[in-house]
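First come two forms of one protein chain, each written alone as structure tokens, so that there is a structure 1 and a structure 2.
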Structure 1
């Protein structure tokens, strides 16, 4: 391309890029930076932010009020991620091995329930789990418990409904990886005497490791920022960092403290994203190097 044509093309690029990049710079990047900045401010009486600087909000994160909540956020998210992966693995395996016309149908079946509003899905569970709800009645009918257990407002309920809301986000990336997996490798392992489970564990799971990584990242990041689920079906002993952010921001309006909590969460999320993207890049490089080796 000639130089004369290059100049308007450079201008065209900026004209096309600026609206979206500018919008995100102002309304996404700048607000994220402000979260880190306001964490060092103090609240004023009217619910705004006063002029001075302080480290009190960061110290408050180590406070007995917040430390257990940070810890709980991590274990609930970690457990949710683990359960989702364990369930999604056989599901993605079954889907990828199904006949092609079944695959898209199954995929659709997995997605359809999630067209319902998130709040309403959580609410539907609340109706099921309440003291005279359907699940309680079913449990009573089994006569396993002398007294029907409380199913709502505890960490168990939070975990169950977290898994319910996040499971498709584990199934979809795993299915995408499983669909590209070469299943003749598993048949080879079985021919060589491996049991079905052994072949699944030693051939299938390593074969879709990148999908596994993506699924874990998506579910974990979504759950550490969760607010609605613990708010609706959790109790005071199952609150997560998201609840605290919302309480400080919309409840008693201590914005700098909300900001410090959000900064801690944002820091974790960004760290995870950076670690994962570099891990992905390394595994891709390794793949390409191996391919090069094989061709040579």
Structure 2
């Protein structure tokens, strides 16, 4: 009887899920398949796609010119993710511990940057970092440098603005996890002799591990395909794989090669998502096993 009762509920779940599945299929799965198929096509002289099939685009991925760019893409994305998490952890902790009347105000401060166009914010940073900008003038006033340091068109500028643009995406999921955290566990750890930092590290961080993983994935996936920030404030030594995809698609008008690069990047992201999902499942099983032993 229970199995028969579950059939209508499962059917209702599928009906409720169908619009979302259809949206994902049309706007995510189908474009990804088109990009994958284009990677095996050949480009014609007019910038279009010819009827032939080839593996040359995949072989071109082994070109040595892409290796430093791929490495730079991963280290900038990974460093951006790490810095965002380091900043977002104490911020989310403070927001969750704040008085209820202050939480909405602090949350509003995090969301305010979204009210301004992304490009405007990047160009605003470019204005601040240029040779006669406010930041350079402040550094000159300190007289710490004989010559004004170059703040633009390098990997440091790309990393700075990446962190600025992606920090809200790290804070919001961490705050959502911290808001549900039972802070009496930290108080208990303090009562047992743990310092504030030890309780934060050993109790709070493991307690919001799922939010931490979600924040890391959101920031890393968003930055690994970024090309706008390196294109505006980066130089030739700070190109990322997204810049190469844009160059092949727009400058060279070689859509198959751009698709091959995009497919390789998509494969890396999917592999990362699969590994993280597997790690989360193992962690959840371990937590459930430990809870079962404690209850027994």
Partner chain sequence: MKRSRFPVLVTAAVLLFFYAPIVVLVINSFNASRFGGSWEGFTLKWYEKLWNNDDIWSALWTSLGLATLASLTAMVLGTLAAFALHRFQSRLQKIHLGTLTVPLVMPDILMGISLLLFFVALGVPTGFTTIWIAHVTFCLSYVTMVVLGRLQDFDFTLVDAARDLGAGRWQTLRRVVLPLLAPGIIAGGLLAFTLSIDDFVITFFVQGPGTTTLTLRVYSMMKVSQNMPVINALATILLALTFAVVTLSFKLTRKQTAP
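Numbering follows the first chain given and starts at 1. As the structure is a prediction and not an experimental result, all values here were calculated from the model. The term rigid core refers to the most C-alpha atoms you can superpose between the two forms while keeping them within 1.5 Å.
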Please identify the form predicted on its own: structure 1 or structure 2? 2
Shift of residue 246 between the two structures at or above 2 Å (CA, core fit): no
Look at the Cα of residue 18 between the two structures with the rigid core superposed and state its shift in Å. 8.2
